[in-house]
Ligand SMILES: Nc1ncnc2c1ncn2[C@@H]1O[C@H](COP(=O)(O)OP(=O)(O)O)[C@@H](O)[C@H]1O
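In structure tokens, one chain follows: the form predicted on its own.
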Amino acid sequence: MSQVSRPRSVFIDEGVLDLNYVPPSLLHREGELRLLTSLFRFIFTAPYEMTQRVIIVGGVGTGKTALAQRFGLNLMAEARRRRVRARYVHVNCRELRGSLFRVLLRAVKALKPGFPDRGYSSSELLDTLMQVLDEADEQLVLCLDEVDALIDAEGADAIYNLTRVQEERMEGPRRLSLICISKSLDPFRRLDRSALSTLQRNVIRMSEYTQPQLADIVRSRAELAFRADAVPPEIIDFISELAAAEGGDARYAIDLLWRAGKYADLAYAREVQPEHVRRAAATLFPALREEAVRQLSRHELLVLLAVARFFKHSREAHASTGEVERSYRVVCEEYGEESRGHTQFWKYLSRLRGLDAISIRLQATARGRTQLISLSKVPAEELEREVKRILERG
């Protein structure tokens, strides 16, 4: 008896959607990468003669970590090519609970893997780090990601000591440079004025990604991670719109793409569909609050049900006002209610924006302008089930 073959997975390489994956090129961050590279050019042109301190600031998902890690990989590749002894070590301070001891231990063990975990103070570990660099005759760029956790836990002294350790070795070769990553400059205001002045000399600010930029990022990852044609252009636009609404968060966009692909596989679908994206968004940010839905009027609930019904049976990511209004009239007939006029219907629809599940945007067309409605973060089937339950309870 032959077995029924299941459709192939929509994925060909999920690894490129891992949040720790560092792409070979950073879309829309080329300028920042060139600047960071130029700030550390001395490692090759004048090795051991100077050090550098750089701050990278930006909101969540703006590419701060990816920028630093891509720079680090490029630095070490260039060092191997030129036969220059230089290393890059990336440490997440929040992961290490803001402990200077753990940060320094991680750095030392990256350079000397067999180093013991105990028996040293933070100041001794800092001296040991410099000694290890001397013994290997290396230059080190130490990246302190989420450095605010270190400042919160250890105070200003932690950064002060890291910035000053090189000044205490005036006669010796320069070895330790720093990159600090933070969401803002606020944590640094607690530092000593002299330490702050040296750190703030080089600040790279990462702006939020725009919707078109996010679409480029999603498209590039989809091309690497998915089978051809498994992620249609409208899905890329849909995901980038949702990520733009979350503050231009590229991490959110990539995670959303991956989760949507997993839901497509669960449904044995050959391509990612809008409903898969909505299900994925619902797992990332729960947008449908039951108490908020219960406060809606009966006709607002009917409009919400109409939206759910439309998207449940449509593979489109957006609907026109007319399409949802026609669905609303059908729903009213089903529930024995007289449908309201267009103006009142529009008022109901506008109020539903407050649920953070429905979004409405204006789009220019050949005939003028039209309103496009989308169901952003809640699966249509789940929304339909919840609204029907509330309507049936009266």
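Heads up: residue numbers just count along the shown sequence, starting at 1. These numbers were taken from a predicted model, which means no experiment stands behind them.
Heads up, the form predicted together with the ligand isn't pictured, but that's what we're talking about next.
Undergrad: In the predicted bound form, which of the listed residues (Leu26, Leu349, Ile55, Leu39) lies with a heavy atom within 4.5 Å of the ligand?
TA: For this set of options, the contacting one is Leu26.
Undergrad: Quick one: from Ala66, Leu355, Leu33, Cys332, grab the residue that has a heavy atom within 4.5 Å of the ligand in the predicted bound form.
TA: If I apply the 4.5 Å criterion carefully, the residue I get is Ala66.
Undergrad: Look at the stretches 257 to 265, 103 to 111, 213 to 221, 159 to 167 and give the one with heavy atoms within 4.5 Å of the ligand in the predicted bound form.
TA: Going by heavy atoms within 4.5 Å, the stretch is 213 to 221.
Undergrad: Indicate whether the ligand has at least one heavy atom within 4.5 Å of a heavy atom of Arg82 in the predicted bound form.
TA: The answer is no: Arg82 has no heavy atom within 4.5 Å of the ligand.
Undergrad: Quick check on Arg94: any heavy atom within 4.5 Å of the ligand in the predicted bound form?
TA: Heavy-atom contact with the ligand at 4.5 Å: absent for Arg94.
Undergrad: Looking at the partner-bound form in the predicted bound form, is Ala250 within 4.5 Å of the ligand by any heavy atom?
TA: Within the cut-off, so yes.
Undergrad: Any chance Tyr209 has a heavy atom within 4.5 Å of the ligand in the predicted bound form?
TA: Close contact exists here: in the predicted bound form, Tyr209 approaches the ligand to within 4.5 Å, heavy atoms only.
Undergrad: Which of the residues spanning 40 to 61 lie within 4.5 Å of the ligand in the predicted bound form, based on heavy atoms?
TA: Result: Gly59, Val60, Gly61.
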